[in-house]
Ligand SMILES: Nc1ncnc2c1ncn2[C@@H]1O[C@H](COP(=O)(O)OP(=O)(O)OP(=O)(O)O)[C@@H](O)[C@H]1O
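Only one chain is included here, represented as structure tokens and corresponding to the form predicted alone.
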Amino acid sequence: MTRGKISRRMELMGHVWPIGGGKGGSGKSFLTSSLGRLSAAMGKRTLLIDLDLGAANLHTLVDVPYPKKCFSDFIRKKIPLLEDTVIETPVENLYLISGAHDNLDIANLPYEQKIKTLKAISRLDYDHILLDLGAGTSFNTLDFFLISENGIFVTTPEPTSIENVYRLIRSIYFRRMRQYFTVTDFKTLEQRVDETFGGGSLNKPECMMRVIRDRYADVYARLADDFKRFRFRLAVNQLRKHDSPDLGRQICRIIEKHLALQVDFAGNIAFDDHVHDAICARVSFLDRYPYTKTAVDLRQLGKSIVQTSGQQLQIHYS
């Protein structure tokens, strides 16, 4: 099958964990920093990368108020190697690539710079790498999420947050399909899907996959293998007492029913006003409030990350 002018293949390891949500305020950065602390406490060399481009704040949550270097230094070639932008945090085994000094225009990361970043991340030598991604469905967010076979979607119980994370999940799978086609071939695919299944079918991955299976058997086989190896998880953050503890499982079932996609429920993280207090005081919530329900929930989720190991996954960019 004809590829685009630019075709990339990278082998990426399952120890990279993108963390994203469809809506701002879902607690992605808090979750990323907490999981990073837990991983480091278990003796794993852990790197946090702030890829919430243009709105980075992860450094504050790991007590690095004034990072001396950041991701932009790599993009602008001020620092030639991404690993040289890594800074130590006060937490043993925990390291950071900050976005603290990034300009707002970095949110529109050009394609070639994005490919350069993806390849550079794949070469970093850490036990676990956690990516704090921006909210929404920009191509940058989708492609950074697709860097690994693992990943965590974060939502809160509010209907707007659930709707947005649903759109994010759908967009990631569509983006993966798109990466196998040229612009012309993908437009042809969309036309055939619309002709075969009618209105609304372009929003359903299973309809796209059926036409790909019938028309592009080789691509279908590779996509099916990719989707089978994806181990994406959904975490429900800020769950209050009146919220259903089964909400996350219900969302996963809806995703499977309407999108024919497998997303596993990772667990609930209880709402706690002390999170706000810890962030404002710039202290570790896990250290200051270790016996709260929220801390217990975070530790449970952290164990699943440390215990999960992935094989190499080949990612194609066209």
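Sequential numbering from 1, following the sequence displayed. As the structure is a computational prediction, the values presented were derived from the model and not from experiment.
This next part talks about the form predicted together with the named molecule, which is not shown.
Engineer: Go through 40-48, 62-70, 247-255, 262-270 and give me the stretch that gets within 4.5 Å of the named molecule in the predicted bound form, heavy atoms only.
Structural biologist: Only one stretch qualifies here: 262-270.
Engineer: In the predicted bound form, does N150 come within 4.5 Å of the named molecule, counting heavy atoms only?
Structural biologist: Answer no; every heavy atom of N150 is more than 4.5 Å from the named molecule in the predicted bound form.
Engineer: Is there a heavy atom of V283 lying 4.5 Å or less from a heavy atom of the named molecule in the predicted bound form?
Structural biologist: Although the named molecule is absent here, V283 would stay clear of it in the predicted bound form, with no heavy atoms inside 4.5 Å.
Engineer: Are any of the heavy atoms in Q238 no more than 4.5 Å from a heavy atom of the named molecule in the predicted bound form?
Structural biologist: So Q238 counts as contacting the named molecule.
Engineer: Hey, in the predicted bound form, does H15 get a heavy atom within 4.5 angstroms of the named molecule?
Structural biologist: Close contact is absent here: in the predicted bound form, H15 is far from the named molecule, nothing within 4.5 Å, heavy atoms only.
Engineer: At 4.5 Å, heavy atom to heavy atom, what parts of 133-155 sit next to the named molecule in the predicted bound form? List them in sequence order, or say none.
Structural biologist: Heavy-atom contacts to the named molecule in the predicted bound form: only A135.
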